[in-house]
Structures are given as structure tokens and as C-alpha cells.
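Next comes just one chain, in C-alpha cells: the form predicted alone.
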């Protein structure tokens, strides 16, 4: 019995240790929730995203003129960081995850806000785009399990990196210096020139640097950027996506944040 209790305790600790922000419980979306979200939005988000959510706040103008990415225009209905197919809206959990974790180098984490406050901001952000009232986003499943970082897995990942021509943007060694990038041909949907991610620095991965984060990005793409979804091109999604993610991780000696 004592052994059983020990095993149960270990399982519980593992479950708690591997829990993520996407498992948080979503409250009911009401007018009161949105009103509270508006107050929080105007205190914490307006400076970049603007009063009307078009990414045209005072800091948004500066970022849009001199850097990329510019703050998200919530009224356009196009979101980079999703668990849904390319072209679809994000789930509520996707928005909650972005608000909680932030975007390295661009948007701060708001994990210091209470969970209820973050959900209120989600509800208000959704009010900028009417499609959220009629569509029910469905996430793509992360099928399969992470493959061990063995030579065979890395070889398969390297072959996929080459066959998908990832090097044209990210470079042969993943430093974000591919020929397309160096030619200045990478642009976002608004025509602003952007830089390919330096894969040797996981801290530059705006959508997260863990293996599940990388697989999610490979499957969904980053809408509004040249980074496409590879869901249709992975012949065996249960292993290929994880092998490619392992290879991307192996390009760096930097510890994953």
C-alpha cells in the first residue's frame, strides 16, 4: 500500500509539473466579463494595440515604422499564435496562453495578473472581431509522442529541414541568414520587412521553444508571415513533426527558456 501511495504521489507531481497555461479553466463570457476586460486592456494593452485594437497605439506606431512584428491588429481576425489550422481563428486557450507567456523580445508576460483578469482580457480582445461570435475554432491535435533526440531522429529531422527548404529563410545552420532573408524578401502581410528566426537561439522563438511549441508552430504556421503550415506536407505527422522539432532544438547549444 505504501508503494502504491508513493506511485500515486509521483504521478500527481508529474501531472502538476507538466501542466500548462492552456489547461486553465475558462469562465463564462458575459457583458460584465468584457467590460472588466476593457478596463484591464486600457491599462495594459492600449499603448501598443490602440484603443480600437488595430495595433495603432503610440508604441504600435513606433514598432510598425521601425521594427517587426508590429502589434497585432485584432480587428483583422488574423492571429499568428494558434493551435488551429492556418487561416482559422485561435481558440480562447491560445489567446490566454499568449497573454500569459507573452512574446519574447516584443510583448511582456502578463502572468502577474490573476487568471480571472487574463480571461477578462481574452473576452474583450475577442470583441474586436465579429468572427469570434460565429466561429468555433478547433485545435489541431499534437499526434504522436516526442521522439528521443537520437542520431536517427536528428538525421530524419535534418532531411526534412532540407526537403522543406527551411534553409532558404533560416540558413543552412539555422542562423536566420538564408538567401531569401538576406535579400530582404521576407515580408509580413502588411508589407513590412521581417527577419527569419535565428534557430540557434531558442529565446527568439516567439511561439515558444519547447518541443510541443515547435510542433504546434510547424503544424499551424504563423499566419500573416511567410512561415507556412507543414501539416499537409508531413507524410507521417506522428513522427516527422517531432523529428524536425528535435533537429531544430539541436541547432542550438542555448538552454531552452
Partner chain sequence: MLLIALFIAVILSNVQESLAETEQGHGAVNVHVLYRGTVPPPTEVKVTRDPETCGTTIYRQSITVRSPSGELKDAMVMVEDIHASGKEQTRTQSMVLSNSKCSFSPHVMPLQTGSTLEIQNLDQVMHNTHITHELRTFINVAMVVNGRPVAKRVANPGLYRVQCDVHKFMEGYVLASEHPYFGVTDERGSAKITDVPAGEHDISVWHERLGQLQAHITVPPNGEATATFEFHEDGTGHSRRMNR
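Residue numbers count along the first chain shown, from 1. All of these numbers come straight from a predicted model, not from anything done at the bench.
The form predicted in complex with the partner chain exists for this protein as well; it is not shown, and the discussion that follows is about that form.
- Remark: none of the three candidate residues (146, 154 and 252) comes within 4.5 Å of the partner chain in the predicted complex, counting heavy atoms only.
- The closest heavy atom approach of residue 123 to the partner chain in the predicted complex falls outside 4.5 Å.
- Contact check for residue 227: a heavy atom falls within 4.5 Å of the partner chain in the predicted complex.
- Taking the partner from the other structure, the partner chain in the predicted complex has no heavy atom within 4.5 Å of any heavy atom of residue 141.
- The partner chain in the predicted complex comes within 4.5 Å of a heavy atom belonging to residue 232.
- Contacts to the partner chain in the predicted complex (heavy atom within 4.5 Å) from stretch 120 to 151: 129, 135.
- Between the C-alpha atoms of residue 137 and residue 235, a gap narrowed by no less than 3 Å is obtained in the predicted complex, as opposed to the form on display.
- Inter-residue distance, residue 237 to residue 86 (Cα): increased by at least 3 Å in the predicted complex versus the depicted form.
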